[in-house]
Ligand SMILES: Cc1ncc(C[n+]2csc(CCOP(=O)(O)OP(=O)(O)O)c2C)c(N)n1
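Have a look below at one chain only, the form predicted on its own, in structure tokens format.
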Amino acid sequence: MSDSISHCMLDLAEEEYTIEDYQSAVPRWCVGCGDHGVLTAVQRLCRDEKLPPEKTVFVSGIGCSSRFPHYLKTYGFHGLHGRALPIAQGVKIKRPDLHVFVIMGDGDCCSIGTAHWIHALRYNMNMTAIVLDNSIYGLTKNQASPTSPVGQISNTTPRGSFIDPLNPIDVTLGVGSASFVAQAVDWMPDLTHAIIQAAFHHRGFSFIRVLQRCPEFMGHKYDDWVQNPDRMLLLKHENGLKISDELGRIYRNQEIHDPSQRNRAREIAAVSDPIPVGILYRNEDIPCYEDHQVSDVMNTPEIVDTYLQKEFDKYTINPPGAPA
């Protein structure tokens, strides 16, 4: 066998991955937490798209959802509360060759991280952001979050929340440079995987809200929707998601929605019953921030080491008589 053929065969072998290649520590989320399903969908995406673990980065903030990077055998950064997006943007601007994903919770993104969320939409950097929205602060044990429903009793709202919840999809669609907006639910795993896959292939900032159950503090919030498929609204379109026959037989409430129609997307986003799932909006023509920050020099490890050594040399103290 020639060296060239052998090399090609080795390359092909290296491009094949399994789910196990992306599994790291055993997840410590509660049994029944929606995070488990989203993690599986993301691992399936990595496998299907053959993403090299060394070229893939997951960045998170603080919260139950932010344990995500610990459970993936890729590069990860467990950041500060609300600061996942600027960290991810820093990674992407210096290493545009990496596949960057951002994982946030509803409090992480929509409360302390709100300013970063809005400006990330403005910058439209090429990355995928997933907000795992369980409508409660779970990690700190039951405080109302920006998406908690009216009447929600928690440690911070013992008489029930009286403020209307924030709708992350509606807010996102209100930013003119938003280029990909979608909504999923944790109890429809195949559709969640399809949405994340579509977001990954979009060039620009992809924003996905995943409605999910918190078995500890919000365990029954979505029971009626889980048990009655007719209370779900599937969005389909030839330029959006294509619904499988199997899924269509279960979820018969469907709408042909053109994801290029922002006004209709906002009308759909305002509906909470039935819950809309699918791609609400997509615009491929909005330029990415990276398009204005093109560099002719990649920050390879060798270049980084050269610059570091140059800086270190400024403070090196050499023994008398030693060469500088």
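Fair warning: this is a prediction, and the values are worked out from it, not measured in the lab. One-based numbering along the sequence shown.
The protein also exists as the form predicted in complex with the named molecule; that form is not presented, and the subsequent description refers to it.
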### Query
Exactly one of Leu98, Ile243, Ala198, Ile112 has a non-hydrogen atom within 4.5 Å of the named molecule in the predicted complex; which residue is it?
Ile112
#### Entry: Contact residue in the predicted complex, from Leu235, Ile136, Ile208, Ala120 (heavy atom within 4.5 Å of the named molecule)
Ile136
### Message
My question is simply whether His81 lines the interface with the named molecule in the predicted complex - judged by any non-hydrogen atom within 4.5 Å.
### Response
yes
### Residue contact check: Pro259 to the named molecule in the predicted complex, 4.5 Å heavy atom
no
### Query
With a 4.5 Å heavy atom cut-off, would you call Thr156 a contact of the named molecule in the predicted complex?
no
### Message
Please tell me whether any heavy atom belonging to Val38 falls inside 4.5 Å of a heavy atom of the named molecule, as the geometry stands in the predicted complex.
### Response
no
### Query
Heavy atoms within 4.5 Å of the named molecule in the predicted complex: which of the stretches 87-95, 176-184, 120-128, 137-145 has them?
137-145
### Task
Would you mind checking 88-108 for residues with a heavy atom within 4.5 Å of the named molecule in the predicted complex?
Gly105, Asp106, Gly107, Asp108
